[in-house]
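Coming up is one lone chain in structure tokens, specifically the form predicted alone.
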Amino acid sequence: MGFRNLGLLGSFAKEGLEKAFSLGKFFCFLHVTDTYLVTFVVTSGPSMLPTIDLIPTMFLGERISTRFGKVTRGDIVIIRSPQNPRKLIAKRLAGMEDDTVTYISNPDEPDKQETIVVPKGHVWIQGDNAYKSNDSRNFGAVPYGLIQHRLFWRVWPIKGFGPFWKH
């Protein structure tokens, strides 16, 4: 017994299945786009002042360059926190593996500097606001695999709408 024998009920069922299939394809497209290509990211907090405001700011974050190792020094990335894996943090990529990074270890004493070599498979991240940033200066280099997105387009607030390149 096919849809032809059910008459009006069959045409409703057929149309319902077609709509459900289309909706399923749409949600699959959204999932693949969000997981592997581009997603919305909202940032807030003082660690990236003055580059990113204190107020919640929405960006587009792309995942392609992070998957293929194409992020570079100066990019602002979203990283899974090495201290709390449930939390994502926005920081500037300050050093790649084998880079020598010199940083101010204590913002209250700018003359006190330390130098490290970023280990293989790791990156060095820093917030632009040295006084209010929990970053590699506190917990060391982080594994490259913790990088989730590279920010590339500011969406909100509208006054900053547009490409978001290295500053």
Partner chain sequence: MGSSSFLWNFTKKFVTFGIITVTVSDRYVTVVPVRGGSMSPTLNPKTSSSAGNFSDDYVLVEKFCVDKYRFSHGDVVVFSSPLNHKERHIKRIVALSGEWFGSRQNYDVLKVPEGHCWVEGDNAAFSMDSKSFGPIPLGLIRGRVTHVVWPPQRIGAIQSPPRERLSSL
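Numbering follows the first chain given and starts at 1. Note that the coordinates shown come from a computational prediction; the quantities given were computed from them, not determined experimentally. Think of the rigid core as the biggest set of C-alphas that the two forms share within 1.5 Å after superposition.
This protein has a second form, the form predicted in complex with its partner chain, left out of what is shown; the following refers to that one.
Against its partner chain in the predicted complex, the set 56, 107 and 154 makes no contact: no member has a heavy atom within 4.5 Å. For the chain shown alone, residue 143 is a contact residue for its partner chain in the predicted complex, at least one non-hydrogen atom being within 4.5 angstroms. Its partner chain is not drawn, but in the predicted complex it has no heavy atom within 4.5 Å of residue 40. Although the partner is absent here, residue 82 sits close enough that one of its heavy atoms falls within 4.5 Å of its partner chain in the predicted complex.
Residue contact with its partner chain in the predicted complex: residue 31 places a heavy atom within 4.5 Å of it. Residues of just one listed stretch (48-56, 64-72, 99-107, 124-132) have heavy atoms within 4.5 Å of its partner chain in the predicted complex: 64-72. In sequence order, 21, 25, 27, 28, 29, 31, 32, 35, 36 are the residues of 15-42 having a heavy atom within 4.5 Å of its partner chain in the predicted complex; the partner itself is omitted from this view.
With the core held fixed between the shown form and the other one, residue 145 has its Cα displaced by under 2 Å. Residue 157: CA moves less than 2 Å between the shown form and the other one after rigid-core fitting.
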